[in-house]
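What follows is one chain in structure tokens, specifically the form predicted on its own.
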């Protein structure tokens, strides 16, 4: 299968927050697999980080660290395009044009805006309100066919399809209308200390997550302190949300069905089960942690790889923007 016959996929990730096993099993692992199946564009969306209060120095550090994390996880610049959003100015240009096509009413209906604004819709930054338009530009710019996302992002994909279709109808066929590619499994890993909450980068509870670069002793401590359910039977069930979550993590880390784990630990208690889970996670994350350490010791290499990716992304983006400018009547550049 040649490159130009493969469907194009686009994924973005914010630089802030250390990646954890929920990010890896729910998204990044699929990014790595998609490199061979699709024409993949992966973007560190630093401009999106400006929609909420930020620290400039921390944003710079986090963006570089996020690039190192993705590379350590197996994102390969030789098989995909990995770049930083702000390094391709066409994202901002297209976002402005699409904001003139988007409608206030459809943006007001976005659930994430309501959640993040926390009811203070008159005092938050405009960027938080128009965030979905920039997100639409990110994807439409590369004429991507699919966007691997969680269920919570489905509404955003529907919006970018609506905006793209409206542009196509008003000004002529220009954009591919992307589809939400939602994985069947591993998309929702819950917190270790509360199985009713999704594992989150923004959580201020260190014991709730296992970060990809956690040292072995920290991983063991976090897993051993993870909450469990009443009883001592290791099985997945509605009345055992904590153990069910740990079984899901174990199954994803080892690549085996949950039923096989239930059989393996049918005569074990929670202590033995969690000790085995910790060992599996330590082994699974070891190469990621070591590669990340190497990359962070040589930041110039990560920056070089991201710059190369930005060049490749810019070439594709400019093709789209030349078409967009012509369709909108903007004076051609000499």
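Residue numbers count along the first chain shown, from 1. Everything quoted here is computed from the prediction, not taken from an experiment.
The protein also exists as the form predicted in complex with a small molecule; that form is not presented, and the subsequent description refers to it.
> Any chance all of 213, 288 and 294 sit within 4.5 Å of the small molecule in the predicted complex, going by non-hydrogen atoms?
Replying inline: Zero of three within 4.5 Å in the predicted complex.
> If we take heavy atoms and a 4.5 Å cut-off, which stretch out of 73-81, 219-227, 253-261, 150-158 is in contact with the small molecule in the predicted complex?
Replying inline: Checking each option against the 4.5 Å cut-off leaves 150-158.
>> Within 4.5 Å, heavy atoms only: does residue 26 come near the small molecule in the predicted complex?
In response: Because a heavy atom of residue 26 falls inside 4.5 Å of the small molecule in the predicted complex, the answer is yes.
> Contact between residue 14 and the small molecule in the predicted complex at 4.5 Å, heavy atoms?
Replying inline: Yes - in the predicted complex, heavy atoms of residue 14 and the small molecule come within 4.5 Å of each other.
>> When the contact criterion is heavy atoms within 4.5 Å, does residue 235 count as touching the small molecule in the predicted complex?
In response: No - in the predicted complex, heavy atoms of residue 235 and the small molecule never come within 4.5 Å of each other.
>> I'd like to know if residue 108 sits close to the small molecule in the predicted complex, meaning any non-hydrogen atom pair within 4.5 angstroms.
In response: Residue-level check for residue 108: no, no contact with the small molecule.
>> Please tell me which of 141, 199, 98, 249 lies within 4.5 Å of the small molecule in the predicted complex, judged by heavy atoms.
In response: The option sitting close enough to the partner is 199.
> Within 4.5 Å of the small molecule in the predicted complex, heavy atoms considered, which of 88, 243, 94, 189?
Replying inline: The residue in contact is 189.
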